[in-house]
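Below you'll find only one chain, the form predicted on its own, shown as structure tokens.
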């Protein structure tokens, strides 16, 4: 009989170790996630739903055109009409919390990968692992370490949302023309000056694409995280499944589609504008 390598046992020991010996870190993470999520949710509840719907439509018109603005007005209006505005606010709060915390990790990590071959060699297989692991698997350690509710949902979201912006940041910096870097070095620029004034502005388009993908991954994982008490539209879908109510599930599913399209189009439009204003123009000013 072949002796099994104790991979599962080692993983359980690692989870137990984190929960026992890194408890202050776990408590800090829970406090940060609850605070951020609570702030975002308060923000969405601070104004009536019609005000937010009109505001989103105006932003969509500016960055994505009249078609998306009308779509947002009708789509969000439908969610309000169906009594799902509270669930939508919960979902958006979780998405923004997960995205913000993911970007705080991903962008510096992407810069490190672009600047160091050692970091790139170490992180590349880790990111491959995170991106290819089935999403439901992330819920297990999240619950084991953080329990139920918002914190494990954000943790599970980060495992999926961190890799795309990390990779895109590294790729964007790596594709900067070496001649521009050499010219900056010839004029006596330091490594940090080159990074801040040459590489990051030229890689801004790729970084913003990473932000877009981070938002989309966060939205998809937040819906799945309803299984561990995350709430929002995912919880509505889960209730519809448990009660076998196809109509209720369809309406909540439409809500997810509306949010996904709005997030994608608005962030892409905003990224294009910011890239034109801050990206290459910044480099030309430095030159």
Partner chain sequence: MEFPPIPLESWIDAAIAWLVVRGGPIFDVIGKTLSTLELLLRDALRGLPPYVMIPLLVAFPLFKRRFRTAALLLAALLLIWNLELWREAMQTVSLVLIAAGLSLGIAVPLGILAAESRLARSIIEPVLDYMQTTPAFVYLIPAVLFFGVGTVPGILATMAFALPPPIRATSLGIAEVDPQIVEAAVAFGSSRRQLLLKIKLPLALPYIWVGVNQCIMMSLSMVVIASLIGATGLGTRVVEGLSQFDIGKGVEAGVAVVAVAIALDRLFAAGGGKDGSKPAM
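Residue numbers count along the first chain shown, from 1. Quick caveat, the model's predicted, so the values are computed rather than measured.
The same protein also has a form predicted together with the partner chain, omitted here; what follows describes it.
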Exercise for the section: Although the partner chain is absent from this view, report whether residue 82 comes within 4.5 Å of it in the model of the complex, heavy atoms only. Expected result: yes
Exercise for the section: Spell out, yes or no, whether the shortest heavy atom distance between residue 227 and the partner chain in the model of the complex is within 4.5 Å. Expected result: yes
Practice task
Give a yes/no on whether residue 197 approaches the partner chain to within 4.5 Å in the model of the complex, heavy atoms considered.
Solution key: no
Problem - Heavy atom of residue 231 within 4.5 Å of the partner chain in the model of the complex - result: no
Fill in the blank from the handout: Note: the partner chain not shown here; in the model of the complex, the stretch from 26 to 34, 39 to 47, 234 to 242, 56 to 64 having heavy atoms within 4.5 Å of it is 234 to 242
Handout entry: Position in contact with the partner chain when the complex is considered in the model of the complex, options 183, 133, 105, 118, heavy atoms within 4.5 Å
Key = 133
Completion exercise
Restricting to 237 to 274, the residues within 4.5 Å of the partner chain in the model of the complex through any heavy atom are 237, 238, 241, 246, 247, 248, 249, 250, 251, 253, 256, 257, 260, 261, 264, 265
